[in-house]
Each structure stands twice: as C-alpha cells, then as structure tokens.
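Listed next as structure tokens is one chain, alone, in the form predicted alone.
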Amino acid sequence: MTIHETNLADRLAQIKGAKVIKSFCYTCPWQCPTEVYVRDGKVVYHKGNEQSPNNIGSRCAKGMASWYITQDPDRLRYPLLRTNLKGEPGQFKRISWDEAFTFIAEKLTQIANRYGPEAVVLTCHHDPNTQFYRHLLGDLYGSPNMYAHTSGCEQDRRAACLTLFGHVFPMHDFANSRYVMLWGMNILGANQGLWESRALLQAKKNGMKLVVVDPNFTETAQKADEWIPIRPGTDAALALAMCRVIIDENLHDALFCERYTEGFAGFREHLCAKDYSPAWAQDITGIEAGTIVRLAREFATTKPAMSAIFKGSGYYTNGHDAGRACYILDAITGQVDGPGQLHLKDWAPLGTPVAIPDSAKGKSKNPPLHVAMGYPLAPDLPNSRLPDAVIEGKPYPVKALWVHSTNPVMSDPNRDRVKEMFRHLELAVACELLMSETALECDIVLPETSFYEHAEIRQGMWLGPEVILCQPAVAPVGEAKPSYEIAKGIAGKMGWGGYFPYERWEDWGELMMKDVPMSLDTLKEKGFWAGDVTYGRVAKGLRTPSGKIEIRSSEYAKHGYNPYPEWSERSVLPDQEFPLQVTHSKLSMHCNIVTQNNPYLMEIVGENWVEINSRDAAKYGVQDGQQVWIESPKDKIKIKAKVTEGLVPGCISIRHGHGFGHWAMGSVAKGKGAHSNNLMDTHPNPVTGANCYNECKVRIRPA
C-alpha cells in the first residue's frame, strides 16, 4: 500500500517522528525552500519552509507532486552507451561509470587535439550544479562555450535588462506598488515565483491597479483591472507611443532623467523623428489612441508603478526593442529600484565549489560561439543557430555537445534541423533523469540524481540577497550520480582529479559559503540565508558603461545597432493561405522536462490544447473540444481546440507544455498532447539570438 492509499490517521503516523530535512524544490527555476519528511528511506511528506521569504510556506501543485520523481519507474538507472548508428532510433547498452568516464575523457581529448577546446559546447538549464561542468569543460578544458537555455526562455528580457540597467535578472516589488503593467507576462498562469504571485494579488487587494497587455485573456489578465488585447508582436509600438505621451506632456521625472539616465534628450528627439504617436500606434496595435494616452498618463502619475515583461513580448524578431521600450517606461518616470518598482536585487556572496588556478586553465583560439556568430549582445547561446556550427562548421566547427537537464530536440524550433545536428557530432552526452528525445540522439546517456537525492547551493530568487540549500533526502535511484561526482570522475580520467578534492558535498559546500555570514552547518539546519532588502542602487551607479540607466545604449551603438529602441514588423506575417498568427502560453501544471511523466499532474492536465477566438472558429468550422489540424508551411500537428472570447481574432494560442507529444521520457508521457515547435522554421532574434517561437503562420481545420 502506498502512502496515498492510507487514511488520515495512518498518514499522520507516518509523518510523526519522520526525519525533517531542509531543502528546496527544483521543479521550476524559482526553487521554493522546503522541508522534506523522510521515513525508511522514502519521502512521506513535504511542505514549504515557513521561515523562508520566498514562498511563505506554500507550495504549488507541481512542487507538491514532485516527490514522485524519487520513485518513478521510468527513471534512468545506469549509464548507457549507444550501440547503433546516429539517425536511427536510439539503442543503448548498459555500461559502468568507469567505462562512461573513460569513453568521455578519450573523446574529449581527441576533439581538443583535432579541433581545439572550442569545439565542445555545454547547454543546460540554470541548475547550480552545472558549475562543476563549467569548471571541467570551461576552466580546465578551455571551451568558451558554456551556455544555458536562455534563448528558449527570457533572452530578450535579459538582454534589455543588461543593456539598460547592467543587471541580469531584476525582481518585482509588487507588494509596495500601486500600478503594475505586465506585458505578455502570465505570472499566475505559469505558476512560478509564489512569493511574487502572492504579493501581486495582495497588492491588488490593497488598491493597486493591475493592467495586462496580452493578445490572450490569460489567468493573470483574468485577475487584472484592465486587459489590453494587443495584436501579437506589437508591444514595442504601444510602449514607444506611451513614452511619447509621457515626455510630450512633461509627465516624466526630469530630475531623475537628468541625473541617472544616459541619452534622454536623444530619445525625445528619436520619438518625434519617428512620429511614434498614439495615432500611429493605434493602427499597428489595435489599441485606440485614447486608450494609449490614458494608460501613459495613469502610469506616469501613479507612484510607485512598474512596467514589466518576461517572455511573451520577446518571442518575435522585434522582441529585443519591445523589451527595451517597456523598461524605458520605468526609467523615464524615475521608477527603478525603489519600493514598489522594478528591483535590481543584490546577490549573495557565494563562492565557487572548486578553485581552479589561472595556470591550470585551458585556452581557446576562437571567441565564444555567440560572438563568432555575430550576436555580441546575446546573453546566452542563440540555440537555433547551433546546428549551423555543427552541420556546416560555421562560424567554426562544433564536434561535441554536453546536454544537461534540457531537451533541445523538443525545446528549440525546427526539430528536424536539431535532430540532424546530432548526426554530425562526434560526441553527444545527455545527463538526465529520464530518457528524453534529446538523450535518444546522444552517444552516451548519464543518469543524474534528482534534487531529492543530491546537494545544491544557489542564489535565491527573492528580492533580497539569499542563499538556498538543497540537501540529499533519499538515496539515489539505481546508479544515478550527482553532477559533482560525474565531473570529478571525468576529471580524474583526464588528469585533473586534484582540482576536485572534495570527498563529501559538504567539502565544496563550505568553500561556497566562506563569504556568506552563515556557516554551512547553520544553513543545513535552516535551509536558507537571507540578507536585507535594500533599494537605491541607481544613485550609487550601475554596471553599465556610463554607470547610468542607458536609454541610449552604448553597447547597441558600439556594435552598429540603433542605440534607441525602434519599431519594426515581425518577420512572419499571416497571409491568405496561412491566415492565423501563432502565439503560446504555458500550462500551470507543467514545467521543463520532469512533469509530463508525473501521473498526478497528468491526471489534472493530461494534454495541451489550442485556443481560438469564436469568430475565427466559426469561420474555419472549428467546434469547442474537437480535434483539429494546425498546419504551417513546414509541418502540421493534431491537437484539441478550445473556443474562447478571450483571444485577439486572427491568432491562436497553443498551450505549450515543453514536451507534450513525447516519444520518449516515460510510459505516462508518451503520446500525450501535441508539440508545436516543428511548425516553426528557424527565426532567431537578429540582435539577441532568442528563439522566436511566435514567428509562425498557420491555418486550422477540423481533423
């Protein structure tokens, strides 16, 4: 009998007296601190850490169901080596860890000797334990190509924040705000960052006005005071027109702009020269000029206020300037890094888990791929351009790919091209929990431990500086190993074992904590360290070339781009043959590549769907709940339709679960739903390299 088949009294008896281990959940990137209850080597209960400021003790459904990963029968249990040719359905044999380490070390050595260390690329999720691979493959081996998955996430947002504020990931002080404008940001639908979601709703109860700009009437829009149903891919036009109103009517913060911004006067001239007026924006956005004027006045005169984006405005080839324009609204009204505003958070003084001396570091003859590809402002690898380097050797050959906790075969546009890429690699390694579609294309597959089975120490995603700790709560599944043991094992085979001297995770943990005002032992007892929330970094100087908020971006100018954000049309427009514009939104019950094989979450949401406006549904003969074909010039998918009023006519919204339609992963996930990424061709953002998932036109018909 499982713990879910017992009655309440038996359930409480199992929990009472169980060992409590402070940890955090890593089902999504927000890592809510938790308390894990363990008895007889199994997780019998878990809840939020009530002392933590991140989640205030609460959990989301994804987090509550996450314990299943420790018992999933489909988990990878031992290292696997490919036995058949690339391009064929993957077949593997079991090997030992020693054989795996030897195989990888020999291949890496051969590739370095033949092509140089830059021929090896790491792509991963933002797992803190990828630091160990970065030390191995980046520092010691010498590859400059250590990347994450940001181009498939919020690459345009990140690029805008770096060039404007010199900050990689600002947070949102919703609790103290009186006016919040969210652009394509469905924070309540994505069900991430619980402390932010709770703060947003509580602030709204306290009188804050919430405005959501989105083609889709999302879960967040449903809670808003006002939904602005903008046409897809036109956010920049609306934001620029609002900036024009604010400046023309002298509603900007003149003193703040003079002291703390770079290029304000030129921006005023830029807006006038381009005639970015509300009347101009009305025809582009579908939002009446009077509404644009009213929104601009409300935003500028209600303080504190916040204009914020995440992914939605960035899935187009004009998304880089949309992001900059949305954030410039904060800058010109003097609303950056004060209470209730966009918050340029401090980071905790965490160290690295190992210390690599400069004398031991490898060297590359070529620059990082994103620079060599012509994307010097990209904060991460333009993933959709990686096949060019592998298949065609442009800008230089890539011969090995290390994939950790991410699934580019499914997560990047143009799946066919990505699969072809793997056939040209001399070494492809997947380090995963489950046999993903990407793992099936690799030469060697390594079983990693889950966050219930290993240690991680990382920066917390909260307003103030924070350290959060994940501790091993149960034994690894099968022969699975954590990243710090895998990296150490390969390093030993390559003669670098001495640089990974730890025997226990606490050894490298103490090194990371040496500058944090808390001991590792105390961190293990409490689960987190949190510093004070402070404001006012703008006056102290920012990490931009000018030290100010760069409305005029010196980095854009340096690399030949317009230093001011401008309006440009997206790359793919609907036409008579393919009359509908694709947009996407997430599913609250699913995230990344670990939830689709969870039977509890799949029982709640077992497949994804496409939303279509009722007028378009009538036009194309689509009925609510029926299966439909969505066809692009490239491919087609079969998916269930939901007819709604809450969507701008002329577009569809595909609920995207990051992998429904799996032919891998596990018995629960296989064959569920539809995956949309192969509908799209390759359209990276020309400046940031972001994946432009919404650059896609389609038609729809009943199946």
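So that there is no doubt, residue numbering starts at 1 and follows the sequence shown. Predicted model only: the values in this text are computed from it and were never measured.
The same protein has a further form, the form predicted together with a small molecule, not shown here; the description that follows concerns it.
Student: Given a 4.5 Å cut-off on heavy atoms, tell me which of 160-168, 181-189, 501-509, 339-347 is the interface stretch with the small molecule in the model of the complex.
Tutor: Comparing against the small molecule in the model of the complex, the contact stretch is 181-189.
Student: Please determine whether residue 132 contacts the small molecule in the model of the complex, using a 4.5 Å cut-off between heavy atoms.
Tutor: Result no; residue 132 lies far from the small molecule in the model of the complex.
Student: Applying a 4.5 Å heavy atom distance criterion, does residue 677 contact the small molecule in the model of the complex?
Tutor: Yes, residue 677 is a contact residue.
Student: Would residue 23 show up as a contact with the small molecule in the model of the complex if we use heavy atoms at 4.5 Å?
Tutor: The answer is no: residue 23 has no heavy atom within 4.5 Å of the small molecule.
Student: So in the model of the complex, is the small molecule close enough to residue 665 to count as touching (4.5 Å, heavy atoms)?
Tutor: Result yes; residue 665 sits at the interface with the small molecule in the model of the complex.
Student: Considering non-hydrogen atoms and a 4.5 Å limit, which listed residue (390, 136, 213, 246) is close to the small molecule in the model of the complex?
Tutor: When the small molecule is considered in the model of the complex, the option within 4.5 Å is 213.
Student: Using a 4.5 Å heavy atom cut-off, which residue among 470, 445, 230, 329 comes into contact with the small molecule in the model of the complex?
Tutor: Partner contact (heavy atom, 4.5 Å) among the options: 230.
Student: Assess the spot marked by 310, 406 and 432: is the small molecule within 4.5 Å of a heavy atom from every one of these residues in the model of the complex?
Tutor: Yes, the whole trio is in contact, each within 4.5 Å by some heavy atom.
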